[in-house]
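In structure tokens, one chain follows: the form predicted on its own.
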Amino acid sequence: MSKIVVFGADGFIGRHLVNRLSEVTDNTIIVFDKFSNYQIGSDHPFEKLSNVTIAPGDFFNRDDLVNVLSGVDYVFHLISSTNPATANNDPFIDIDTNIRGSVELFEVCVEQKVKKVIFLSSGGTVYGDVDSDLIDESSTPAPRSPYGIGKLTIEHYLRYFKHRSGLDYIVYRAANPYGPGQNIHGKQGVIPVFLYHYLTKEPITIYGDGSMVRDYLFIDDLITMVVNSYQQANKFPEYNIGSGSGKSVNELIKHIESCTGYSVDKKHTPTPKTFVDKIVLDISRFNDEFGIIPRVNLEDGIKRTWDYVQEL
């Protein structure tokens, strides 16, 4: 029996991850987050999972880290106090919170003899502007944004702790995840945000002319790829995980309008200078080693997300 801690368990990816881990394993799963609106004994969905223990805590409090990591084998690091927009507005936030907090976490993992750290990095931001149809892990990361710089810095610190202290780890450079449960009012996740605007017949805002290309990965596929691989002995420290194909914002809108049967007004705004024109991840390293491929195409993923948005 292993003991697992999920940091950032109450976020979009974290909730899906915890539910899947609970389904496929009898291991003890400890979920760590602020749980700002939660009190022990209330009806949080995690309360219904028999092998899940809720541990409200402050990621930036070392004592909380020490307490929750005692006897733990695997640590999922999903916590981030910023998103690309907020990090761009104030780069010091990433430095003072995410980077510093992650280094503290890895120090405690070493002290507590954690077997492996699993870090969700950002395949959409760590590479920067690469002149290639598909970006593989051999590309030299050159992030443009503070958010990407922060993610890559945390990867570097994991490499440091591996060499210094033998802390095992795996990094998943994930594409743009989307799906049910994502914040429809958030600064990340263009698909659910757009779908909500289609539901309410409000205009959507498009950066530039809508030609920007991204790799969109349905949340179920992301979770399957992570859960079915993290315990295996990884040949490489970093892996891209995505859909393996890219769509422009204009193509995305066509899929959304086909799914919803609606059209809304479009407003165009200048593209932020830190954004890149195209990011599509080459996932062959991951697929070759672990034999896991994404199953949900964009049309089906949008439909399933639309069903979720309509139920809100």
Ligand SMILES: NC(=O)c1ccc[n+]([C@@H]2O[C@H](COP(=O)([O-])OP(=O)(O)OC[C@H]3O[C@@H](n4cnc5c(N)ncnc54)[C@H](O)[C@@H]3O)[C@@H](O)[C@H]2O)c1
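What you see is a predicted model; the values in this text were computed from it and never measured. Residue positions are given as counts along the sequence shown, with the first one as 1.
One more form of this protein exists, namely the form predicted in complex with this ligand; it is left out here, but the text below deals with it.
Enquirer: Which residue, 153, 224, 188, 86, has a heavy atom that falls within 4.5 Å of this ligand in the predicted complex?
Expert: Flagged contact: 188.
Enquirer: Name the single residue among 170, 108, 79, 149 that comes within 4.5 Å of this ligand in the predicted complex, judging by heavy atoms.
Expert: Selected residue: 79.
Enquirer: Select, from the options 66 to 74, 242 to 250, 28 to 36, 260 to 268, the stretch whose residues sit within 4.5 angstroms of this ligand in the predicted complex by heavy atom distance.
Expert: Stretch with heavy atoms near the partner: 28 to 36.
Enquirer: Going by a heavy atom distance of 4.5 Å, is residue 14 a contact of this ligand in the predicted complex?
Expert: Yes.
Enquirer: Looking in the predicted complex, any heavy atom of residue 47 within 4.5 Å of this ligand?
Expert: Answer no; every heavy atom of residue 47 is more than 4.5 Å from this ligand in the predicted complex.
Enquirer: Is residue 275 close enough to this ligand in the predicted complex to count, meaning some heavy atom within 4.5 Å?
Expert: Looking in the predicted complex, residue contacts with this ligand do not include residue 275, since no heavy atom lies within 4.5 Å.
Enquirer: Given that this ligand is not shown alongside this chain, does residue 286 nevertheless sit within 4.5 Å of it in the predicted complex, heavy atom to heavy atom?
Expert: Taking the distances in the predicted complex, the answer for residue 286 is no, it never comes within 4.5 Å of this ligand.
Enquirer: Though the partner is not shown here, which residues of 119 to 158 have a heavy atom within 4.5 Å of this ligand in the predicted complex?
Expert: Result: 120, 121, 122, 147, 151.
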